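Given next, in structure tokens, is a single chain: the form predicted alone.
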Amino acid sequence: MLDSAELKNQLRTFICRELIRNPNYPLRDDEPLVTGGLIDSFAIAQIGVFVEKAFKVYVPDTELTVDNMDSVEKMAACVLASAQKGR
């Protein structure tokens, strides 16, 4: 089973290094990513690919929305829900 804290840490690291391109950025769990202008909506697909590779959890494209993926906290909840559904 996925650990929520570890999931958030790995998502935060990926987002800061690969998408924001600032590994030292102090990204909060509740900080808005797309609506806050840190990443664009196309980056959500990259996050979906990362999640599938890193955690072996498939998040359906219909779930990869700004509403579901606009913060580390929301992403983790979406990934954990998909994991529980056996995706």
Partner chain sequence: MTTSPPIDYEPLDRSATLIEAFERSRIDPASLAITYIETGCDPVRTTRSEFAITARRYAAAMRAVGIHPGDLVLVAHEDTMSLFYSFWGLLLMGAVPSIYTIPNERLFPEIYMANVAALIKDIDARALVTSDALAEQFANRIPCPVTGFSRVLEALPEARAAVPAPDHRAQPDDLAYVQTSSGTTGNQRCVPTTHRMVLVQLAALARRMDVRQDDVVANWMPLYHDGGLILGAVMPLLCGVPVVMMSPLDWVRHPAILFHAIGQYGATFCNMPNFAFNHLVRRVRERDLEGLSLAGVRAFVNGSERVYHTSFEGFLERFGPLGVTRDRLGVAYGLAENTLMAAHTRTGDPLVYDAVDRRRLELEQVAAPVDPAHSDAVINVSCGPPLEGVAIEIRDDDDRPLPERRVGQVAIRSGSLFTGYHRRPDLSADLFRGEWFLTGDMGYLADGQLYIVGRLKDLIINGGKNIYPADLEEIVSTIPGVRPGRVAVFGVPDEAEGTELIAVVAEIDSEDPEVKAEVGRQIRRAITQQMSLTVSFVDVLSERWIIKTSSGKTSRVANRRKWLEGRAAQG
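What you see is a predicted model, and the numbers here were worked out from it, not measured in a lab. Residue numbers count along the first chain shown, from 1.
Keep in mind the form predicted together with its partner chain is missing from the figure; the text below concerns it.
Mapping the unseen interface onto this chain, residue 20 counts among the residues with a heavy atom inside 4.5 Å of its partner chain in the predicted complex. Taking the partner from the other structure, its partner chain in the predicted complex has a heavy atom within 4.5 Å of a heavy atom of residue 31. Interface residue remark: residue 54 is not counted as part of the site for its partner chain in the predicted complex, having no heavy atom within 4.5 Å. Among heavy atoms of residue 64, some come within 4.5 Å of its partner chain in the predicted complex. Contacts with its partner chain in the predicted complex, taken as any heavy atom within 4.5 Å, map to no residue of 67-81.
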